[in-house]
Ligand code: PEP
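We begin with a single chain expressed as structure tokens, specifically the form predicted on its own.
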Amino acid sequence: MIIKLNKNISDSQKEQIHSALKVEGVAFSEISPSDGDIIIAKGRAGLGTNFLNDLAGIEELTPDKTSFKLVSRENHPEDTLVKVGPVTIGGERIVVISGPCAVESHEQTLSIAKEIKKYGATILRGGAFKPRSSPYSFQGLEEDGLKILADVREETGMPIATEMTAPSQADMMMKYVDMIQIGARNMQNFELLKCVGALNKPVMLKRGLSATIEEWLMSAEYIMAGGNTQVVICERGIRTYEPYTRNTLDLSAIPIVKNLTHLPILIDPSHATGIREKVAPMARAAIAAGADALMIEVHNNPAQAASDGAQSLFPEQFGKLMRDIYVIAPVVNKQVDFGYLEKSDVIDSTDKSDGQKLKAVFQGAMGAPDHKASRQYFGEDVELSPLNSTRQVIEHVTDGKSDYGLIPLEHSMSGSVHENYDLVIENKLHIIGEITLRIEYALAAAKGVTSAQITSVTSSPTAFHHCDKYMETRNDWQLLYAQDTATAANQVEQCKDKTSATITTKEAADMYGLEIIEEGIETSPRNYTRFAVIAKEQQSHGPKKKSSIIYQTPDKPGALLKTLSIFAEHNVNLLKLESRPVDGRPWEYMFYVDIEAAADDDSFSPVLDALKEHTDYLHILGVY
């Protein structure tokens, strides 16, 4: 059974519970996950819970309903977030672990690490202990390999993951690595599972070659029962009769596991397929199916790799895959953050004399799309606060009350939010990052309300506009306006009116206890909002790949064409070109340009110099 203790339980109450278990001859252990202490009782068959009913300090008793108790989502509804150095697995940012199958040398490992970090990998993997089918195959560099990994971590800032094959390696793992991998062959090595369960290190548990999902989760239960709650489970393909791939990647395991357990799931398409050309399609499919993370093998010279060269991507292939995943991720409400590690460095190195977190503000209530975009951009390490308007967001950043602000710049259905561009320019702020969020809308109301009962609907003007086709057939509803969809959901929940509903997001409906009546009611499934992250000073949370520029040309024929030819002559790719009337000066226009280049780089100076010669006004809004 599982015994969840009250957070304010006294020592004497806990001792009484321990004594009662001992009297019944029940073996037990105690762990402390994030939501309070838990006692795991390993008792006799058929033992009831009546002997504990009268004891104080117990919040909840869970008898043996499932084989896996601690792993089960039934006993832990919230998703578990696993922290590997500065990287969080299981959140709203896709984590990609990458590197060579085996550590071969310091030069090789460092070279690959720099390449994969450039393309967006956040954790470096490399085998130092290699369990192989043949005793004559390369078995790894052992502790020397771990030392190389630790050295490369110091040079690149990437946390490292590597495989542990025996309990005797525990001290080395604690000394050198950030995440321990339990390989497929060791999934049911119970002494090894008990060992890593006692270690204070995140664990990646690979599914065995022929293991059922229940057997896989039971192995995770061994680790958690030992006290280690930081577990990521890894699907790496199972053995079937199919000869065209090394294994059969069980993508159906993703939604099944997501339903059964709160632990994050990682997919390893490299070992699953064993064939380089099959890795990228399976990686893309895994993200679309809802995986939290990927593990991709990369080698700069696969033909000469000491291990598994045939399944290792070249660095350029890995870069292309990361761009694909970046496009796919927003569809499943996640993001690929190319500046993840650099952003963490900025957050960690910022001197806060009062010891508080960095602060970011956004417009709207908790649960609104702006809040979700802020979470996906900043993660868990920045304090997020809602404000009533975009102007307030701008003011907070300008006055130094907040370190960052997040504002919408462009809607895929309704175009640019020009007034927000104006506010950034007026207050001399800088765009330092961006994030694109897919916006999905749902009709929600109090539990039990049906669409036939609804007479009024509350939402934001933007949401009504984005759901205009849906609303056309419901012209008998009274429309009530709120500042954002989360505020609308809160208002409907507060009013307790069985005739009221809201158009909101699923997250806001869940947050405010509403029931979804109909999902996916936005007019276009390609409904995205592009948000900008703003700050007082120009900075970068990652590689500078893009710039936003605004300029005004003289009022004469061919003026705009001359500026565009400058970009063409210098081979600069334009991502956006838009004209905007100059405020207070009728029939005069500014041009907003997004380019695929770092405008503050010395190599870009000739382009800027040429643009200045052919413009009356030029301003760099941001480089990010």
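Here the structure is a predicted model, which means the values were calculated and not measured. Residue indices: 1-based, along the sequence shown.
This next part talks about the form predicted in complex with the ligand, which is not shown.
Could you confirm whether T261 comes within 4.5 Å of the ligand in the predicted complex, counting heavy atoms only? T261 lies outside the contact set for the ligand.
Is P386 close enough to the ligand in the predicted complex to count, meaning some heavy atom within 4.5 Å? Result no; P386 lies far from the ligand in the predicted complex.
In the predicted complex, G183 touching the ligand (heavy atom, 4.5 Å): It does: once the ligand is placed as it appears in the predicted complex, G183 has a heavy atom within 4.5 Å of it.
Going by a heavy atom distance of 4.5 Å, is E163 a contact of the ligand in the predicted complex? Heavy-atom contact with the ligand at 4.5 Å: present for E163.
If contact means a heavy atom within 4.5 Å, which one of 298-306, 167-175, 417-425, 184-192 is the stretch that engages the ligand in the predicted complex? It is 184-192 that comes within 4.5 Å of the partner.
Just one of H430, K546, H271, R153 has a heavy atom within 4.5 Å of the ligand in the predicted complex. Which one? Selected residue: H271.
Residue (of A329, L313, C101, L321) lying close to the ligand in the predicted complex, criterion heavy atoms within 4.5 Å: Here the answer is residue option C101.
The ligand in the predicted complex - contacting residues of 187-222, heavy atom within 4.5 Å: Counting only heavy atoms within 4.5 Å of the ligand in the predicted complex, the single contacting residue of 187-222 is K206.
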